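Consider the single chain below, provided in structure tokens and representing the form predicted alone.
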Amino acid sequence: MQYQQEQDYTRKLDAGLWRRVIGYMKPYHRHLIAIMATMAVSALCDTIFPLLTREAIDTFIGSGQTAGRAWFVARYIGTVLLQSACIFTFCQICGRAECGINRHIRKLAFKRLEELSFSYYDQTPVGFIISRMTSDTSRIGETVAWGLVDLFWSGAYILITAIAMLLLNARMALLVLSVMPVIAVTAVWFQKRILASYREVRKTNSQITGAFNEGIMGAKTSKTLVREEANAKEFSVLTGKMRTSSIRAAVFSALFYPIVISLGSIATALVLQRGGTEVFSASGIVTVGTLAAFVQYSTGIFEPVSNIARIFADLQASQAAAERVVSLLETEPEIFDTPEVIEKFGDSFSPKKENWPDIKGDIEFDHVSFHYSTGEEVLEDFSLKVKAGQTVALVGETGSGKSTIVNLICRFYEPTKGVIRIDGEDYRSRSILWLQAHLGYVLQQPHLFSGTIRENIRFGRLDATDREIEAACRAVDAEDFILKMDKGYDSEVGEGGSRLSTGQKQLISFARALIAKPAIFVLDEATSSVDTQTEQKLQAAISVALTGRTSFIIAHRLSTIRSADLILVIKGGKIIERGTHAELLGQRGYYYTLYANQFREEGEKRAWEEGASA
């Protein structure tokens, strides 16, 4: 298996990226502010304890004074209670923030996925999208919620502690703070290597998710090709790559933390040496209580420094996840409505249906050209006029442009040149939802959603009644097999319709399209995957369903399009023949050759089947 490469990210740790991430969390800004405030108060409490220790040693232990002990005890207990309240509060807020942020980002990402054009899904494997929506968003929520706790506590503690030390003894304070530049240089050296390693981890994780998806979706193919052992070996190589990257990242992170601790120990030793000398000097500038407070500060200040170093590493690791999620959130759809169109007709999430014009179904291609983002030209100077209610069949070899034509009609893609008009108006002057709400689309490989048959058909029109659903199923001759199932219309179809045959899924898909009462119908090889008996049922339903509707049929079996009003033979993105079935046979051209070959093959197949049954 060849696993598609994930997008590479090479930027350095980017504060702007994290500002954008925080911006996406607007509903939780109050939670984040509350976390910052709580952590600042908690840090203040932590810096008060060494000062209380200093007071206890110098006032009560050193001099033996007893007056004021009750007030001292009250202050100490009050500080403990305040800190406990802060800890309880931030744990509660952080838990809510983490879950809420994950939910909110996934909601935004899902909405963006709903807005993105078909081209995004053509180019992006499902596994990569799932990785962004699950593990990457979880990593961001955890980093922001809990990382913010440690970051603001650590920052506030360092600032307040530095001020307290400078006020107590400036020279000893400078000894402690002199180690900070060394830590900064160390952090810069490590951050490049940690970030590169974690980017590779996140990239490989997306590939593994994609491999899982492909392995599950292609399980039957793998078994029939006896690919189990080969797939396992290839998957092992991929997971081994992630293991190597993860170990490299863990080693750099593990080295970073003890180096910071070692530097902190050096600073503590300097404080003890300098402070101890001054305690026993004749001047007595430094008291025992002050020295004890400094030892607490010098050992304590490097815990938040270590925390910041760890948070820095976590941010580096999480930036790879943040880059992927933000890239999804900021991906712009290639097909979109203009602000003027949205103002008048609404968008997919807030439609203004009262302003929608009726649709008759006249369709015109006016010198349309189209090429994909790869540059491959599919249609060139294509023109066509279809009157409302006409049935147009598209015939041609694979890659000739048949599916591209119907995708342009449905506005899944838009012309790179020329204009497509519906009822005489450029369809870009109407909303995407307006057009697609009037479409009925039946695919060669229909997709059913997990749920019941009734629920799947109701996807076509959410306000459809049970009576309308049953009528649509009778119209496509699907009711017989539905009523034979254990729960009838309330039978589960399974994931992707796995509990139904291909023909049964096709009939359900057709009923789902029919119930929407579309003005434009598209059948993309809709009968190619069903047996002859089911095809006959569908043909009878199609002839009724397409009456009065503009219809486009992409056909492989030419026998299914003999009644079409217009048959277009497409080759290389151009119409090489057009006419009715009888007219094209009379021309004895490309269509005649295709039909004659198929007629002969089908005759041979029927003869074989009759012989086998005899």
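Predicted, not measured: the structure shown is a model, and the values here were computed from it. Position 1 is the first residue in the sequence shown; the rest follow in order.
Unshown form predicted together with a small molecule; subsequent notes refer to it.
**Student:** Tell me, please, which stretch of 152-160, 268-276, 87-95, 395-403 lies within 4.5 angstroms of the small molecule in the predicted complex when heavy atoms are compared?
**Tutor:** That would be 395-403.
**Student:** Can you pick the one in Tyr413, Trp356, Trp146, Phe481 that has a heavy atom within 4.5 Å of the small molecule in the predicted complex?
**Tutor:** Exactly one residue meets the criterion: Tyr413.
**Student:** Within 4.5 Å of the small molecule in the predicted complex, heavy atoms considered, which of Asp347, Glu425, Glu455, Asp122?
**Tutor:** Spelling it out, the residue with a heavy atom inside the cut-off is Asp122.
**Student:** Should Phe459 be classed as touching the small molecule in the predicted complex when contacts are defined as heavy atoms within 4.5 Å?
**Tutor:** Outside the cut-off, so no.
**Student:** Since only the chain is shown here, I'm wondering whether Tyr372 would be in contact with the small molecule in the predicted complex (any heavy atom pair within 4.5 Å).
**Tutor:** Heavy-atom contact with the small molecule at 4.5 Å: present for Tyr372.
**Student:** I'd like to know whether Val378 contacts the small molecule in the predicted complex, with contact meaning heavy atoms within 4.5 angstroms.
**Tutor:** Taking the distances in the predicted complex, the answer for Val378 is yes, it comes within 4.5 Å of the small molecule.
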